[in-house]
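Shown below, as structure tokens, is a lone chain in the form predicted alone; questions about how it binds or moves come after it.
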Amino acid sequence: MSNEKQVKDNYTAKLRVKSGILFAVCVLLTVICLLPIYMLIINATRAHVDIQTQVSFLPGSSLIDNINELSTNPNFKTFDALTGFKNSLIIAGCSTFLSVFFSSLTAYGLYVYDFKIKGAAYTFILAVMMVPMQVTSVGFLQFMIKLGLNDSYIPLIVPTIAAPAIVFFMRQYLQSSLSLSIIEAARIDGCGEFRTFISIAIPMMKPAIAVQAIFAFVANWNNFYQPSMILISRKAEQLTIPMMINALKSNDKIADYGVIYYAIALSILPLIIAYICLSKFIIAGVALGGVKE
């Protein structure tokens, strides 16, 4: 009995040490991830001179001054938070919905249906995923100019329907979570194909949809390359938040780091709200994946 107790005690001690190490690593990674955001918020409350002279982890007293400076100084007139939020929300919201919905539909078709070019179609989608946007940007821009769609949000929204990375992720998720017998049962009951996708597949894909929606929304919200390429005229009423922040940072007339930090902190608020709204689905997906029937 004493040997068994000693072995058990040794195992418990090793388990505690391992758990402690894993906990410390997780805490370290959390600090590394959150520290830049924390410093961004802290610097948004500090004055330009203070930011230049010293590093501080404590909030400053210049938040109101930075807000007033950003809203009243004519040198910062290119930054209009409400207009930027509206434009970025239109582009990011529509792009996220289209990319996630149609990618889920495509993944559903590749998983559920069996046709001759199924493998070739999936391989083609993966091949497209390997091509960076920068390679095709010149031809894409020329094509949009010929169509007269430059200075329009249409080229920034409609092409996002083709999202190979989301298709790949959704297909892998369907393979692990959706049984084909459920689809067959729905067909026997007289449920149409599209209704089956909406009523059965979509609810089961909620965790995966939430994850990809967050990634897609963040990517489209932070996208500077494509809007700056398509919106050639740089009309103030069309600028997105990243374009406004870039204009703010590149302003050679006046450099106020406190104002710039405040503008950047303001720009990430919708991302935080989107994550808070969708995070419960991610947690539910992790919990569901940990349960084995």
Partner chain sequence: MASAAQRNIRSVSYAKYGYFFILPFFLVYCFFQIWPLINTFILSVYGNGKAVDEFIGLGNFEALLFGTGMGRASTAIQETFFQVLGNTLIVWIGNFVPQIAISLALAVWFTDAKLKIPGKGFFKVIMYMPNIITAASVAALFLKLFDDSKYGVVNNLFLTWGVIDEPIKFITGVWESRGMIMFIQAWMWFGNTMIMLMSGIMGLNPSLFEAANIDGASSGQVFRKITLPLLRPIMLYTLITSMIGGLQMFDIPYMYTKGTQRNEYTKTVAVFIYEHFREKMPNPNYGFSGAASIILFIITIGLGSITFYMNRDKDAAARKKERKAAAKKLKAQQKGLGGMEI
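Numbering follows the first chain given and starts at 1. Note that the coordinates shown come from a computational prediction; the quantities given were computed from them, not determined experimentally. Basically, rigid core = biggest C-alpha set you can superpose within 1.5 Å across the two forms.
There is also a form predicted together with the partner chain; it is not shown, and the following applies to it.
- Checking 216, 110, 205, 91 for any heavy atom within 4.5 Å of the partner chain in the predicted complex turns up a single hit: 110.
- Interface residue among 179, 72, 136, 199, judged by heavy atoms within 4.5 Å of the partner chain in the predicted complex: 136.
- Although the partner is absent here, residue 22 is a contact residue: one of its heavy atoms lies within 4.5 angstroms of the partner chain in the predicted complex.
- By the criterion of a heavy atom within 4.5 Å, residue 59 is excluded from the residues contacting the partner chain in the predicted complex.
- In the predicted complex, the partner chain sits within 4.5 Å of a heavy atom of residue 222.
- Among residues of the shown chain, residue 185 is not one whose heavy atoms approach the partner chain to within 4.5 Å in the predicted complex.
- Shown without its partner, the chain has 110, 113, 114, 115, 116, 117, 121, 123, 124, 125, 126, 127, 128, 130 in segment 110 to 130 as residues with a non-hydrogen atom within 4.5 angstroms of the partner chain in the predicted complex.
- For residue 241, a C-alpha deviation below 2 angstroms is recorded between the shown form and the other one after rigid-core alignment.
- Relative to the superposed rigid core, residue 28 undergoes a CA displacement of at least 2 Å between the shown form and the other one.
- In this overlay on the rigid core, residue 38 has a C-alpha that sits 2 Å or more away from its partner position between the shown form and the other one.
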